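Below you will find one chain, with nothing else, as structure tokens; this is the form predicted on its own, and questions on how it binds or moves follow later.
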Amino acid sequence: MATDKENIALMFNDIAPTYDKLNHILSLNIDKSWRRKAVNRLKKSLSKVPQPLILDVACGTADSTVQIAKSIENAHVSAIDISEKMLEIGMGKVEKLNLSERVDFHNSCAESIDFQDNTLDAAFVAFGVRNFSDREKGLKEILRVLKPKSSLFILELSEPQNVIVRWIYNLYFKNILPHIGKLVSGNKNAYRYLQKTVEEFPMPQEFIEILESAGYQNVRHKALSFGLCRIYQAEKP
């Protein structure tokens, strides 16, 4: 019987060819702005690090990986994901942009990262924590490989707290998004899964407490687009 991790990998392999197109359609391209703002915060935190080594966890098709490599020109990015098809697309993007010397890819998960303790200058996860098969283990594993005083940046969808915005959001996510997802990708269940994982993701204060319980300190967050997305930053002691 396949594990949850294997089922998630198979699902993302299936939607990989249309994943980028759908992300941009479904978010009206706002996801690009969210990603850019998160990477700018990452860049600012590394301003005094000469040649930072950055881990992009659950990198998907490498949109964040590319954004990081282009924005932080002296950085090397190691990108990991459980979906081989997503990684193949990501590798193609990196090669096309001549970034291969500063980016490497690995087919692995957040719960088992192939780096030694205290080796990375920063970690980044864009829309991926929802898909960890064991959230606490994944967060602790990222903490393990970070250097002391280094930061984890998480970009994640969230349910807006404003009543009116939440009503519009729920209407879109529950009644419109799955149908568009099926039309473009042929896999309606994948976008039902997206809706479910966003609904079940902890509210901001609860997630901050989860990060603190995993061992992080100085945890804070910023709401984007009326709370449709949030940037979390957490530091290793």
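These figures come from a predicted structure and were not determined experimentally. The numbering used is simple: start at 1 and walk along the sequence shown.
Quick note: we don't show the form predicted together with a small molecule, though the next part is all about it.
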Only one of 140 to 148, 158 to 166, 110 to 118, 94 to 102 has residues with a heavy atom within 4.5 Å of the small molecule in the model of the complex, and that stretch is 110 to 118
Answer with yes or no whether Y216 is in contact with the small molecule in the model of the complex, where contact means some heavy atom within 4.5 Å. no
Distance check, F132 to the small molecule in the model of the complex, heavy atom within 4.5 Å: yes
May I ask you to state whether I72 is within 4.5 Å of the small molecule in the model of the complex, using heavy atom distances? no
Hey, in the model of the complex, does A122 get a heavy atom within 4.5 angstroms of the small molecule? no
Residue (of L55, L211, A58, L177) lying close to the small molecule in the model of the complex, criterion heavy atoms within 4.5 Å: A58
